[in-house]
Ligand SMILES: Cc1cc2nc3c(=O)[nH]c(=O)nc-3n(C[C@H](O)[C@H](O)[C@H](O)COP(=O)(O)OP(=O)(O)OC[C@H]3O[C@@H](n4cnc5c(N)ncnc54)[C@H](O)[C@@H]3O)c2cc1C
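Consider the single chain below, provided in C-alpha cells and representing the form predicted alone.
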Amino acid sequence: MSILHATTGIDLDDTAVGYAYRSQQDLRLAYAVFRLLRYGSAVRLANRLAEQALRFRLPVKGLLRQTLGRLFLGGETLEETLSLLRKLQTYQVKSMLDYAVEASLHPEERERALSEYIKMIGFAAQYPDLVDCIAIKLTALASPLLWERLSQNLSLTPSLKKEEEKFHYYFSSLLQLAQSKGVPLMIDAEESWIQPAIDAVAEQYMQMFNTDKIIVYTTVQMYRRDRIQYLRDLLEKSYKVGIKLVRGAYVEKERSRAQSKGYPDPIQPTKAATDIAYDQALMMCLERLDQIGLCVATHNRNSCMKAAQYVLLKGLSPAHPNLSFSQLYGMADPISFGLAKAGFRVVKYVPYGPIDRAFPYLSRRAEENSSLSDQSGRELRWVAEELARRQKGQ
C-alpha cells in the first residue's frame, strides 16, 4: 500500500472496482487474450496472417470481432458504442471517442473520415454526459506524404498543394462545428518525421479556437528526446494550450528508420529515461493547470499517482475542469476506475470502426502488449486476481 493510498484511500490496483463493469465472460476472454499476447513472435505472425486474410476477403472477421475486437473496440459503429458508454458512465467514467481507422491514402477515404468526424461531434453533443471529447487523426484528413513534405519544408506538387488547401478547409470547418457544440478535439501524434507539420497546425488552430474554452488539444510524446524543450516553448505561448501527454508508441519503427536513414535516434535511450521525462513534463503542466488543459494519457500507475498526489497536496479539486486522465479501452481498468472513484475526471479512450478497417489499430494493440511484457503481465495479473476474487465470492 502506497503512502498516498494510506492517507487518501485512492487505490489504483483494486480489481473489484476496476472490473465491476466487466462480465465473467469478458474477463475470461481478456485473460485468454492477454496470455496469448505474451508470445511476441506468435503475435506478429498471427497479425501478418490476419492482414493477408482480410486482404483476400477470407472469413476471419468473426474471429477478430470476438477476440481483439471485443476486448479493444467499443463497437463497429457509433451507435454500437452506446451501451458501453452508458455502462462506463455508471461508474463516473466518460469517453474519448476515436474512429479507429489509420492514415487515409485516397481522397475518398479522407472524405469518409471527415464525414465520420462530423458525425462524432454531433454524437458527442447529443450525449454530453457520456462523451467528453473526440480524438482526431490529421493523417486521416490529409496524406502522410503531405505531412512529411511539409515537415521537411519541401516544395509541394500542384496536387499536394490542392490537398493542403482542402485539409485546411476540412479542419477549420470541423473546429467551427466543435466550438459551436462545445466538443474538444484531441489531435493524435504521429511519427517524428511528420510531426513537425502536425505540431505547426495544432498550434495554429489552438491560437484561433482556444478562446473561452479549450477546444484544440495537441499530443506530446515524451519518449522523444526533444519534447521537454518543445513543451517548455509550448507552455510559454500567449494563447491557451491543450495538451494530451503520452509516452509514445512507435519505438521500434522510429529506431529502425533512424538507423536506415543515418540520423540520430530521436527516442529516449531507455524506458527509465522516458519515465523521467514524462514525470518532468507532467509536473511542468500541473504547475500551469489554471492556464492550460491537460489530459494525463498514460497506463503508468506511478505517473497517475503522482498527478493525483499533486492535486490533493495543492488543495485542488480532483474534478478540476482543466485536468483529465485517460487510458485505452480494454486496458488499465483498475487505474481508470480507481481514479474515477476518487473523484478525478476520467475519459476512457474508446475506439470504434469496421473490423477490417480497424484491424491496424487492433494489431498495434496486440504487438504493443507482446513487446511490453511488464504491461501485458500486469493486465494478466489484474484479470487473474479478479477472476480468483469472484470465484471465492468476495
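Values in this document were obtained by computation on a predicted structure and should not be read as measured data. Start at 1 and count along the sequence shown; that's the residue number.
What comes next is about the form predicted in complex with the ligand, which does not appear here.
Among Ile355, Leu328, Leu68, Ala30, which has at least one heavy atom within 4.5 Å of the ligand in the model of the complex?
Residue within 4.5 Å of the partner: Leu328.
Here the chain is shown alone; which of Ser192, Ser324, Ser151, Gln268 has a heavy atom within 4.5 Å of the ligand in the model of the complex?
Contact with the ligand in the model of the complex is made by Gln268 alone.
Classify Ala249 as contacting or not contacting the ligand in the model of the complex by the rule of any non-hydrogen atom within 4.5 angstroms, answering yes or no.
Output for Ala249 is yes: heavy atoms within 4.5 Å of the ligand.
Is Tyr349 one of the residues lying within 4.5 Å of the ligand in the model of the complex, judged by heavy atom distances?
Although the ligand is absent here, Tyr349 would touch it in the model of the complex, with heavy atoms inside 4.5 Å.
Taking the ligand as it sits in the model of the complex, is Ala297 in contact with it (heavy atom to heavy atom, 4.5 Å or less)?
Contact with the ligand, yes.
Can you tell me whether Thr139 touches the ligand? I mean in the model of the complex, with a 4.5 angstroms heavy atom cut-off.
Thr139: no, not in contact with the ligand in the model of the complex.
Looking at 234 to 242, 315 to 323, 219 to 227, 165 to 173, which one sits within 4.5 Å of the ligand in the model of the complex if you count heavy atoms only?
Only one stretch passes the 4.5 Å heavy-atom test: 219 to 227.
In the model of the complex, do Asp188, Arg255 and Thr274 all put a heavy atom within 4.5 Å of the ligand?
Answer is yes for this spot.
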